[in-house]
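Next up is one chain by itself, shown in structure tokens, the form predicted alone.
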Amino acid sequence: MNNKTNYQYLLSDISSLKGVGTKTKNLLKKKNINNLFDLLWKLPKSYTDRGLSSKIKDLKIGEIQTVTIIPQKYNFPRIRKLPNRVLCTDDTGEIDCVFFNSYEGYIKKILPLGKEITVSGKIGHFRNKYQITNPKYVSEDSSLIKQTHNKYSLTEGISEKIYNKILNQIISNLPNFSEWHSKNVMLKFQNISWNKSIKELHKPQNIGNYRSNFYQRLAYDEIFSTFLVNSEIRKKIKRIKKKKKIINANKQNLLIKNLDFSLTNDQKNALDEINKDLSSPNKMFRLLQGDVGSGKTIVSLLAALNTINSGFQVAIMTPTEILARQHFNLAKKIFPKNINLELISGKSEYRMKKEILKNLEINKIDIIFGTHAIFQKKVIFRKLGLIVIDEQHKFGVNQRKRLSDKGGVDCDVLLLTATPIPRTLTMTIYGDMDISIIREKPKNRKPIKTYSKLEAKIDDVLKFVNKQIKLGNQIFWVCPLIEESKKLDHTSAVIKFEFLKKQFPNQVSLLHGKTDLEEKNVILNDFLNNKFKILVSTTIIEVGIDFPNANVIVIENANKFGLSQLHQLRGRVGRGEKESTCILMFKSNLSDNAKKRIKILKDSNDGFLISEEDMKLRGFGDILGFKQSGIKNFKLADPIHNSDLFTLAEKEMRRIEKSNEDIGKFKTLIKLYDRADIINDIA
């Protein structure tokens, strides 16, 4: 092995390996393989056993077999298009080794006449004689061939032989690391080392052995490394000292008393946790997670009120202008008149915007609402004490870390998400934050009744929609695609809009991803103001926006959506006091999984339960596009099958945090699992 005896060897560029030139390097990089460590996680899919040697007379046509032969005669035709042949024998018969596009010198070198050579390849038959075409495994040393060779999902242009050669180089040079886990943890995996686990992982007989101690140990390493990083980020944020906010309980309770609804126990508990953070000398970095319609907004506004009453400014950021305006209007309705509120948007006139920015800087504005634009460099706060980010569940760890640094030392950070996810994922995705959860729904919220309907029975749906319109209600009609697709048999939003326009003249509007932002805001505002009755839309209708008069949602091709997405879409209705309905439309040829999804949705309105079931059915990478949002995509660990390992990692992390154990011994683990960009200053 080379002189690099630690993790640096495994983090070396792939070009440091023998046999990896520019071409192979570029091919591997296409598969996101940049260093030696990356290669270790491309696991064998199957294997070829070349260990058994056969006599020529016993060869089976069409199978990969190994045979030891003696080359007897070369046949190199003058016509270039014809293959070169080498007649070979053993004591039972004859076989031709056939080569296309190979030079005579190369053939003579690998198959010298009169010498015993071992070859392995697929056995063919031509003119009553066995043959092997372009054998890749040829050697005088039979021990190099008589082995079991792993088969991988290969990048085009890289042969199985080259791939095995590259991997075997790394595995034979694996460093022997000092063990980073505690003795108690290691007992769970029968004390198998990281080095031995990797070697076992690549043995052909171990393919698919997910419950083995080596597989479990390596999956645990992935999980635990993530927990370590999250813990370090939490600690770094907690070390930031800030001015305590003084909570005025009387003013808070007076506002709560004047609300036209009561807070649920979960809302009260979440508010208590946030207030405790605000009044702490340590910076708050908290996620408020709640199901659709669980009442996160009022909790965040109460936290904003407490921050303002303590002499600080507050910024509330939303993904869309209409949601910002909705929060602004609610705050204006419930906050005391002496609190200065402003809304800044793309539509704001230049003069007005300039005035707002000036007033922010001289502390004449207590709370500002807007989209991400409120965090531009030119927006300067005099005394920002709290940032609230609504519906930013797609922020990754790095983005959140940068966000926590904004606003200065005294600024607390509260993120809101209406995306319930399973606990194992919450620990992984949001482990860098403290978490408050609202599960309980407000008492005035009636459960949404969910029905399934065959597409063929659309007339029944139209009758129901017509009845709802006569009652003064509004309807969302969701389609998967914008325009008709030749490849996918999905209903398009455009076609459905044209169809419904004929059924309900002057009552239908259309919204999709290609709609201009300004036009989109106009359409949503018109729908909010009841200027039309049916909004045909793709899945872009925003989470969190209240349309109290919309009490019906029709979702076409419901079987094409995941459970979590269907639940999020369903949450667009049921925001008022009216009884609400969700109609899931589908074709007759439903898969078993689609039937299960529809049944779960019909049986439950609990987003957390639904997300657990969704993960079981679809896998953790697919839940609401988390895989596409920069969330750590584990190579071995699975939140469904390895929930016990997540629990073990959480328990071990708590032990380490409680005992204030130095994490320096985990440096190799963290560096290997490529999280060093976040905590690159560990000892």
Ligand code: ADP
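What you are looking at is a predicted structure, and each value in this text was computed from that prediction instead of being measured. One-based numbering along the sequence shown.
Another form exists, predicted together with this ligand; not displayed. Remarks below refer to it.
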{"item": "Residue 295, heavy atom within 4.5 angstroms of this ligand in the predicted complex", "value": "yes"}
{"item": "Heavy atom of residue 546 within 4.5 Å of this ligand in the predicted complex", "value": "yes"}
{"item": "Close approach of residue 262 to this ligand in the predicted complex, 4.5 Å, heavy atom", "value": "yes"}
{"item": "Exercise: residue 93 in contact with this ligand in the predicted complex, heavy atom 4.5 Å", "value": "no"}
{"item": "Proximity to this ligand in the predicted complex, single hit among 321, 412, 556, 291 (heavy atom within 4.5 Å)", "value": "291"}
{"item": "Candidate from 581, 131, 267, 509 lying within 4.5 Å of this ligand in the predicted complex - any heavy atom", "value": "267"}
{"item": "Segment that reaches this ligand in the predicted complex - one of 95-103, 441-449, 520-528, 599-607, heavy atoms within 4.5 Å", "value": "441-449"}
